[in-house]
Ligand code: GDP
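One chain is shown next in structure tokens, namely the form predicted on its own.
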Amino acid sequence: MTVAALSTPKAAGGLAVIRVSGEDAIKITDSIFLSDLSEMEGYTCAYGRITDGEEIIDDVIVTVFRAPHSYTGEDVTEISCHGGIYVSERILSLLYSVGAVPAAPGEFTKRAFLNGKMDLTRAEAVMDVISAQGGAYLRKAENVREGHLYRKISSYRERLTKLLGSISAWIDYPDEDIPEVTDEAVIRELTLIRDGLIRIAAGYDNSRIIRNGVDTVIIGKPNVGKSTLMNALSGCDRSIVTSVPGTTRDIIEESVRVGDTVLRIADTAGIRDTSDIVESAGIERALARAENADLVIAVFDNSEAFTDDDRRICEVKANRKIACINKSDEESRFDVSLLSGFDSIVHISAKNGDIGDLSGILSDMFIETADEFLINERQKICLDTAADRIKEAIDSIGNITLDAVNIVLDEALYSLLELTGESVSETVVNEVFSRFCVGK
């Protein structure tokens, strides 16, 4: 079956690219293209016109890729046409009328995986590259797409396979001159493998944060500059800024990029004692949201003395906390030494758009300390399952036969093969590629 789809956004633009892949890709494209594609070599282009009978639809350039030297491993053509929505839709309709069928989401990358052009971790990283919102995300997605995660998992898989083979040989051929497999040696090697898998899986939380953005809550007393900081970071007047205490009563959210770090910021009600029922409810929501966030940015007023409300803010529990001392351009009355429980302290002037070294602090906190890989939930489940089965085998050695231990280790090995896609069900494959956009 030959499939076709628009691989660029469905919108007006200077250029659109339509991809066709399958056994008849060249033949089908040739049937609506005035120039002859049949004798063209791979990695070559031809200029010509797409026609519908006598009607000329568009001047285009067709690039030919011949199997197996293409993205999908099949014959592929890519039609570069003018970027009008009508033009691309008309060309697609012509392709469908002469034998192509619409590509499903992720169809091209799925074919690349099924044809052995990439493993499943590389395939999943393709969508990570496409959806990257910042430099950190893109770099780590590219690492996976280039095969770094696959090679790391493969190294542990090969060690586990070698151990399984040694155990099997020792059991099956007791009379042969085969090195003895001792319980101590097996436990030592399994422990090293398990520890390595656990280290990779531990990067999941940082991967989630880099992939989805840092769930960030801005808290502070009224009028310390929380909303001004929110607006400075977002580049627009997202939050209302007035001199009236209690202006922000509900949670206002925005996604912003600070350097290479994407923050999903929530501006919250000012923390203070109040008899206002509505404002009080907003404060309680702010505190609850802060305790579940990846990051809390607490804003303090450099021009005012430290208060009990500031102390209450210091006591907020959070995964990571940054103290921003705002109004740093004004005379200082704030005693920074009274702050406690913060990972970093930075002086800023939100009104003037000066956020100090907040970008560098965020990079050190969420990017530079993160693992080199992006780990998604499916991959983490496979890693956790493999590590659990290995732990089960370690705990069983000495209590059950090595034959039984091998059965447990076979399950661990299968989990690693499922992670890379070398032994994976059709259901899992379909689920992975259903998340892709059409045309990729």
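Note that this is a predicted model, so its numbers are computed, not measured. The first residue of the sequence shown is number 1, and the count goes up from there. For the two forms, the rigid core is made up of the largest set of C-alpha atoms that agree within 1.5 Å on superposition.
The same protein also has a form predicted in complex with guanosine-5'-diphosphate (GDP), omitted here; what follows describes it.
This chain is displayed alone, yet in the predicted complex one of Asn319, Ser359, Asn115, Asn223 has a heavy atom within 4.5 Å of guanosine-5'-diphosphate (GDP); that residue is Asn223. Exactly one listed residue, out of Ala350, Val296, Ala266, Leu120, brings a non-hydrogen atom to within 4.5 Å of guanosine-5'-diphosphate (GDP) in the predicted complex: Ala350. Residue heavy atoms within 4.5 Å of guanosine-5'-diphosphate (GDP) in the predicted complex occur in exactly one stretch of 224-232, 181-189, 94-102, 203-211, and that stretch is 224-232.
For the chain shown alone, Asn326 is a contact residue for guanosine-5'-diphosphate (GDP) in the predicted complex, at least one non-hydrogen atom being within 4.5 angstroms. Within 4.5 Å of some heavy atom of guanosine-5'-diphosphate (GDP) in the predicted complex lies at least one heavy atom of Glu330. Comparing the forms between this form and the one not shown on their rigid core, the Cα displacement of Thr161 stays under 2 Å. Put the two forms on the same core and the Cα of Ile355 is off by 2 Å or more between this form and the one not shown. With the core held fixed between this form and the one not shown, Ile313 has its Cα displaced by at least 2 Å.
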